[in-house]
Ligand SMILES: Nc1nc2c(c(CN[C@H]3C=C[C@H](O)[C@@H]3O)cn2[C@@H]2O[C@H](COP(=O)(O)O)[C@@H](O)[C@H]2O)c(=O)[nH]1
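Form predicted on its own, single chain, as structure tokens, below.
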């Protein structure tokens, strides 16, 4: 995760389309008196949980598919989480590794009870197949075995997931340098930590190493708060719902500056108020603010990574 912090800070120091406003960042920290509002992981009650390995399987499949909902104005993360939850409640073998390898697009839609083609449906099916095949080949079909292999280290878990599952390798090139973001691999560790309340499959001694998860919502919230300032051209593109190409300077800057801004916010809380806050907790707070603001304008990029 130091690679994520280091490379996103490098982008932020050279960005021309997005800037982190340190004075606005400090105002927000002062306004909340250094205390991040507590948000429960499953505050909407939408996730499957049985306190065992099936929950781990559910979360891993959920995070494999957790990207790009916006092309369908009615589709959201909630539909994915609830759809997979209902599928498991109806059939405990729905997410078995061999089943994951065989799903077609229409079958995935049926699984999620979704009436029309999903955004990037072929990619979602491809990633399901990849997950099923590698789980069967290297982890006896169970995502829980990935977690058992990580020695209670969230950092090791992220590295294991990225090593074995190419669809989780969230890298970009920016001005000739590789930038690491690892949104979905990190969120798997965070989901485990949140679901199991830091115990059992969710017990990690290094959760403080995890950064925020650079997606659509967090940057939009940070922009609304004034922490992120966009160039006029980028602002106009986002406000006009223009698509921003994956891997473009604008897109990488939006994501990298979001990570860097929240790291700076976390460091400021620690130095100014002597409080230790996890980036995961900050992400939960910012994300919950975002999903409750239906008028929030986010950037639009077709990507499998978020």
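Numbering follows the first chain given and starts at 1. The structure presented is a predicted model; accordingly, all values stated were derived computationally and were not measured.
Here the subject shifts to the form predicted together with the ligand, a form of this protein not shown in this document.
Exactly one residue in 228, 157, 218, 143 has a non-hydrogen atom within 4.5 Å of the ligand in the model of the complex; which is it?
Checking each option against the ligand in the model of the complex, the one that comes within 4.5 Å is 218.
Taking 41, 284 and 294 as the candidate spot, are all three within 4.5 angstroms of the ligand in the model of the complex by heavy atoms?
So, yes: the whole triplet contacts the ligand.
Report the stretch among 68 to 76, 198 to 206, 167 to 175, 102 to 110 that approaches the ligand in the model of the complex to within 4.5 Å, counting heavy atoms only.
Going through the listed ranges, the match is 68 to 76.
Can residue 46 be called a contact residue for the ligand in the model of the complex at 4.5 Å between heavy atoms?
Answer yes; at least one heavy atom of residue 46 falls within 4.5 Å of the ligand in the model of the complex.
Under a 4.5 Å heavy atom criterion, is residue 127 part of the interface with the ligand in the model of the complex?
So residue 127 does not count as contacting the ligand.
Find out whether any non-hydrogen atom of residue 181 is located within 4.5 angstroms of the ligand in the model of the complex, and reply yes or no.
Answer no; every heavy atom of residue 181 is more than 4.5 Å from the ligand in the model of the complex.
Would residue 187 count as a contact of the ligand in the model of the complex, using a 4.5 angstroms cut-off between non-hydrogen atoms?
Judged by the heavy-atom cut-off of 4.5 Å, residue 187 is in contact with the ligand in the model of the complex.
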